[in-house]
Ligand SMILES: Cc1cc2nc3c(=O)[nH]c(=O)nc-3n(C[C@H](O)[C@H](O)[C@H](O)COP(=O)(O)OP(=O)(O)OC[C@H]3O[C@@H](n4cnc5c(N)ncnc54)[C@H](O)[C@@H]3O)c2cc1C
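The data below hold one chain only, encoded as structure tokens and taken in the form predicted alone.
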Amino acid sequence: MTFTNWAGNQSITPAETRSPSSPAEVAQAVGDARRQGRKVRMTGTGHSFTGVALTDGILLRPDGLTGILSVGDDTVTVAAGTPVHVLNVELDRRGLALANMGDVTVQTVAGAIQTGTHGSGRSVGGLADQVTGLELVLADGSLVTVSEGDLFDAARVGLGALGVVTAVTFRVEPAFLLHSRRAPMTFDAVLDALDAYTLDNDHLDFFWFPHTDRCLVKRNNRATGGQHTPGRFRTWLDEVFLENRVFEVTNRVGARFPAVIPPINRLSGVVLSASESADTAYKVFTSVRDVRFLEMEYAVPRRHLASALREVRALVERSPWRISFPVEVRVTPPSTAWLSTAHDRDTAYIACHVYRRTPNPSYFAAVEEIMTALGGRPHWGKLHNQDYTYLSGVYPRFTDFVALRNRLDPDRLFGNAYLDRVLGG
């Protein structure tokens, strides 16, 4: 059976597909692959735009490895194939929550951490930085649990190259509310206030609409008051109808008639209005993403964010391209995970999207040139053109990761074409 990712730009037909329901069955699949001379990979829900999860050998599906395995006072252990949105609901039911997360929740927990999924936070990093333990099956078939040391720091964002993750332990805390403020601002006003906004808010996220001077700024902070939401209809109107159904229509029109994209973006910037609410944290962190797109995202040192954005804007203004999707910006603190894009530095993320039906590799390549000049690191699950030569120069522990991989999987049982490119053969 052919596996195709969410965006439809990656697909493969493996020799065999399995849905293991226990670590023992994962170890069995790893042993079978080794004896048969095949590769073996565990995929998630297909939200990576790269080929990071693909294999033409034995493809493991996560459907049988789901559910909460144990709950402690401040930790929860969950099977690797559990979708993030299921984890959120189960934690909330127990009065618990993750401190931070990205906005896409259909991913499996293992897929999310292995590719370095992150949100935006002043002092709390991405999902991998909230991991306190990993259970994984190594290439020799052994099942190990790690909570410290080199393997732990390497495998938290391990790309599936060190082993098949079967369970993840997260640090959790009592459930909390987030106070969310959304406000339209001009491009220059946002950049002028960047340092203050980053320092003064728990979570900063903003979008710039290409071909305009308009941004939408989202500031989320721990709520000190009670819950207050726009109501069910207003939430549906904003998050489902306008941000997805209407956006899908405007992208289809823009695909046929690119000249209408700038005025549509200008209209979007004008109709944006300020809003304020307080709700359960995971409901504020997450959003509905039904319009399918292709994405490239780079992590740059936070001190370079303003200059990088100005260069991207100048690039778009002088180009013939018509970019319908906003450019998204987020920030995170340094990470200790070796291959986290935020490893060892305060980080800003710049994400560029295009409608799936109108791919624009020239746009991505030109933005990538700006980002690499600043020592940018590409998101492992999003489109980029980098290889071992470049990546080994922007990660302080990259060669340590490769050396560990050489020791644990010398025969590249967990290898594939993507890993050959980014980690070396």
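Heads up: residue numbers just count along the shown sequence, starting at 1. All of these numbers come straight from a predicted model, not from anything done at the bench.
The same protein has a further form, the form predicted in complex with the named molecule, not shown here; the description that follows concerns it.
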Note to self: Looking at 27-35, 396-404, 380-388, 367-375, which stretch has residues with any non-hydrogen atom within 4.5 Å of the named molecule in the predicted bound form?
What the structure shows: 380-388
Next item on the list: Name the residue from A342, V164, V78, V157 that puts a heavy atom within 4.5 Å of the named molecule in the predicted bound form.
Entry: V164
Notebook entry, point to check: Among H228, R289, H304, R94, which has any heavy atom within 4.5 Å of the named molecule in the predicted bound form?
Noted result: R289
Check: So in the predicted bound form, does A112 come within 4.5 Å of the named molecule, heavy atom to heavy atom?
Finding: yes
Notebook entry, point to check: T358 near the named molecule in the predicted bound form, any heavy atom under 4.5 Å?
Noted result: no
Next item on the list: Report whether the minimum heavy atom distance between G102 and the named molecule in the predicted bound form is within 4.5 Å.
Entry: yes
Next item on the list: Using a 4.5 Å heavy atom cut-off, state whether K39 contacts the named molecule in the predicted bound form.
Entry: no
Checklist line | Partner contacts in the predicted bound form for 296-315 (non-hydrogen atom within 4.5 angstroms of the named molecule) | finding: E297
